[in-house]
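Take a look at this one chain, the form predicted on its own, written out in structure tokens.
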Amino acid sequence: MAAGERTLILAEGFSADRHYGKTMHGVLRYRREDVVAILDSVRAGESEAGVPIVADVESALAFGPEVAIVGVATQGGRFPPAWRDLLRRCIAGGLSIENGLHEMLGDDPELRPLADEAAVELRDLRRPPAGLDCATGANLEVDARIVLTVGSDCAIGKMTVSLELDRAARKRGIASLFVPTGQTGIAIAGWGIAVDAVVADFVSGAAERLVVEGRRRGGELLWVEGQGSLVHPAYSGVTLGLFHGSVPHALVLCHRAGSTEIEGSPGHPIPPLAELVALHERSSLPRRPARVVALALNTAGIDAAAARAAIDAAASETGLPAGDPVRDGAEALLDEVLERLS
């Protein structure tokens, strides 16, 4: 979504779900000024972050949207069957569609002709750019400090931590830049590559291209949005490719307070934080060893006292500074990262 583009968020059935509705919540937090309505018939008549929730496309058109963004991240990246009619109605209403799921709307034999006839765009955020290849070593020549967020699981706030630290750094006048690697980050920043949609051999090359581009855009401190987890049974591959391709100088380890098992993968435990720190440091490239310099805890859903206890316990276990940059602000965590980068 381009800056200033009046946006309808499509979140049918998922607007109250922090996990599968993470694209919606990310856009609301960082591009709130562009959002005019949210579509979710389950919650029609309510609001989220001051944005009205409507039942259908026809009701949404009264708010004058120009583009409809798919605000959900379903397991497997597929559209729920009921969404086909929803997408057709958006096109008929003259809305371009911005899609972050793995199904490419631009290749859809039904929707592509409808969009052409209506003169609207179908923007597939996960479509890889042409010409990707393996990493070449240009990543090691980037004249910037690179920080990658890594995590104990998926969907725990790696993007949010990167954005909050970038926002705090820019407020200080630092030439800081958020580097988007997933569909929600791309929707927020307006550029990037969804590395989980790239051919496996080229993930490191895509990550290299991103840090090179981040420096070209003026970033002297690059916050690379992490993806997946090294201990995730399904998504560890993209995590390692992003890690090695972005060649970070430092890592911020993200964890949801209280989590002990990979969400959606029963029987797959999350190792203790100290073990995760050691695992990530051993997994970095020998050419550029990276250290975990801070822990970012997601303490949403627990009270302030429990959050403080979780943060203190994490710091005590690992010997590293810890904090929740959403609950408490990112300034203190940024200080710790910058000190260890110097």
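Computed from a predicted model, the values in this text were never measured in an experiment. Numbering starts at 1 and runs along the sequence shown.
The discussion below concerns the form predicted in complex with a further copy of the same chain, not included here.
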item	value
a further copy of the same chain: the contacting residue among A118, C134, A175, V212 in the model of the complex [heavy atom, 4.5 Å]	C134
Contacting member of A309, A55, L279, A300, with respect to a further copy of the same chain in the model of the complex [4.5 Å, heavy atom]	L279
In the model of the complex, R216 touching a further copy of the same chain (heavy atom, 4.5 Å)	no
Proximity of S41 to a further copy of the same chain in the model of the complex, heavy atoms at 4.5 Å	no
4.5 angstroms heavy atom contact with a further copy of the same chain in the model of the complex for G157	no
Any non-hydrogen atom of R32 within 4.5 angstroms of a further copy of the same chain in the model of the complex	no
Segment assignment from 194-202, 106-114, 159-167, 216-224: heavy atom within 4.5 Å of a further copy of the same chain in the model of the complex	194-202
All of S96, G190 and A250 with a heavy atom within 4.5 Å of a further copy of the same chain in the model of the complex	no
Residues in 273-288 with any heavy atom within 4.5 Å of a further copy of the same chain in the model of the complex	E275, A278, L279, R282, S283, L285, P286, R287
